[in-house]
Structures are given as C-alpha cells and as structure tokens.
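Given next, in structure tokens, is a single chain: the form predicted alone.
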C-alpha cells in the first residue's frame, strides 16, 4: 500500500541530485563498457531486489535515474517507499534498452541502498518506542547535498523531521548561549525580532538550565545527554508546560528507556550519519 503521507521530494528537487550523481558516474566518455559490449538494439528486463530485510526508501530516485538516462525505460514498482520487506524481495521491474539499464543501475542502487538503510535504522528506533508518546526525530547531521532525500528516508522509517536548515526554526544551543551570555539574554534577543511563524527551541545541559528556560516561557526544550534519572526529573518538573526533546547517544538499546521517561521527542543523528546501507541489487531476467 502506498504511504501517501510521505510526500516524496518533488522532481524539481530530486532530479538535480540524481543528475549530479549520473554525471559523476558517466564522466567524460559515458558508459564505455556498455556502449562497446552491448549492441544498441538489445532490450532487457531486470528486477530491483532487496537482498536483506528492511524498510524501503529511494524507489523515486531509482525511477529518476532510469528516466534521466533514457525516457524509454519503463519502471514498474511492486512495493512503495515506506514498506517493510523481507529478504530477496523484488521491489521493481525495469525494461527497455539494455545499455540504458546498465548505465543507470549503479546510481539508482546507490540511492536505494543508502536511503533504505536510513529508513530501516529509523524504523528500528520507532519500533522500540511503541506504546509511548515519544516520536523519533532527525537532525542536521546529514550528507552534504542529500538532506532532502535523507530526511525523506527518516519519514519513510516512521520518524518525523526536525528543522531542515538554519532558516526554518531557531535552536539555541550551548555555544549560542555561551556567546550570548546565557539563556535569558539569548531568548530575549530572539524574541525581539523573530517572526510569529518561527519556532524557538533551547538546548539545556542541566536541570538548573531547564528551570531557567521554563521561567522565561520557553516552550520547546532539548535535554542534551541527560541521564534517565534526570530525564524523569525534567518531565516531572515541566509537567506539560513545554515540549521536551531528549538528545545524545540514542541507540536501539537505550531508546526504550528514554521514551518511557515521558519525553515528547527523541532526536538521533545516527539514523542519518551512521545507518548501514541496505543490500540491494539488480538482476537481469533470464527467461
């Protein structure tokens, strides 16, 4: 079933990213192997396959790679981004000029494996938070140039997106506080000029800082590297007066305990910067 809530990146955003990857791979002379080995009139059918289980993301990028190489290639998907699949699952079938399939193969699979790895890592954390109110969110720790795709992969895994960049929300972190002279000074300066549509979040390292943020009416607070005991104290102290985001060294083994403290959000940089690539491949049909 298609996951309509995912809203994959528009081709206006996706195509330039895939085009740059194709340009990198084709180089100055193009796919010399396929051009010299495969006759131009040979047509083929091939299957995109997930070798291992996981959560799929990146079929839109696969489609873009084939389409940009040759619009005559036809891709039929069997599953959708956001679906969980078992090992050796056929994800899609592509048919058309064999040279074009071979030229687009690696770029399409690179995107699919990388993004599915992120979706799978996100899904693993989301599964551990089931039954709690905590939601898994991402960070800006993304591969340069791939943020829009990697954040889409987080959504495919059941997570939600934090800010996309420095311009769509304010996150006043420890270094900002140090440079500004403290929480009150930083927040007051922000409130003097910020538009009503911009959200303000403050990162705190201690329960004392948490209390200071609450005193001046901060409504979203990041608890950075708090212990489980301090997370529980923070939730009790806030008592619904602000949204709380737990951050720092979140893993599949630790996330459940963090979620059970009652925080609203749990952010993880690892789901984008350290996710293991899913094993995917392309098999030419032999029948």
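Every value quoted in this text rests on a predicted model; they were computed, and no experiment measured them. Positions refer to the first chain, counted from 1.
Below, we turn to the form predicted in complex with another copy of the chain, even though it does not appear here.
Enquirer: Taking another copy of the chain as it sits in the predicted complex, is residue 229 in contact with it (heavy atom to heavy atom, 4.5 Å or less)?
Expert: Residue 229: no, not in contact with another copy of the chain in the predicted complex.
Enquirer: Just to confirm, residue 131 within 4.5 Å of another copy of the chain in the predicted complex by heavy atoms?
Expert: No, residue 131 is distant from the partner.
Enquirer: May I ask you to state whether residue 80 is within 4.5 Å of another copy of the chain in the predicted complex, using heavy atom distances?
Expert: Output for residue 80 is no: heavy atoms all beyond 4.5 Å of another copy of the chain.
Enquirer: Should residue 38 be counted as a contact of another copy of the chain in the predicted complex, where contact means heavy atoms within 4.5 Å?
Expert: Close contact exists here: in the predicted complex, residue 38 approaches another copy of the chain to within 4.5 Å, heavy atoms only.
Enquirer: Which residue, 84, 89, 110, 209, is the contact with another copy of the chain in the predicted complex, using a 4.5 Å heavy atom cutoff?
Expert: Flagged contact: 110.
Enquirer: Is it the case that 186, 189 and 194 all touch another copy of the chain in the predicted complex, with a non-hydrogen atom of each within 4.5 angstroms?
Expert: All three within 4.5 Å in the predicted complex.
Enquirer: Want to guess which of 89-97, 119-127, 173-181, 210-218 is within 4.5 Å of another copy of the chain in the predicted complex, heavy atoms only?
Expert: Result of the contact check: 173-181.
Enquirer: Taking only heavy atoms into account, state which residues of 95-124 are within 4.5 Å of another copy of the chain in the predicted complex, ordered by sequence.
Expert: Going through 95-124 in order - heavy atoms within 4.5 Å of another copy of the chain in the predicted complex - the hits are 99, 102, 103, 106, 110, 111, 114.
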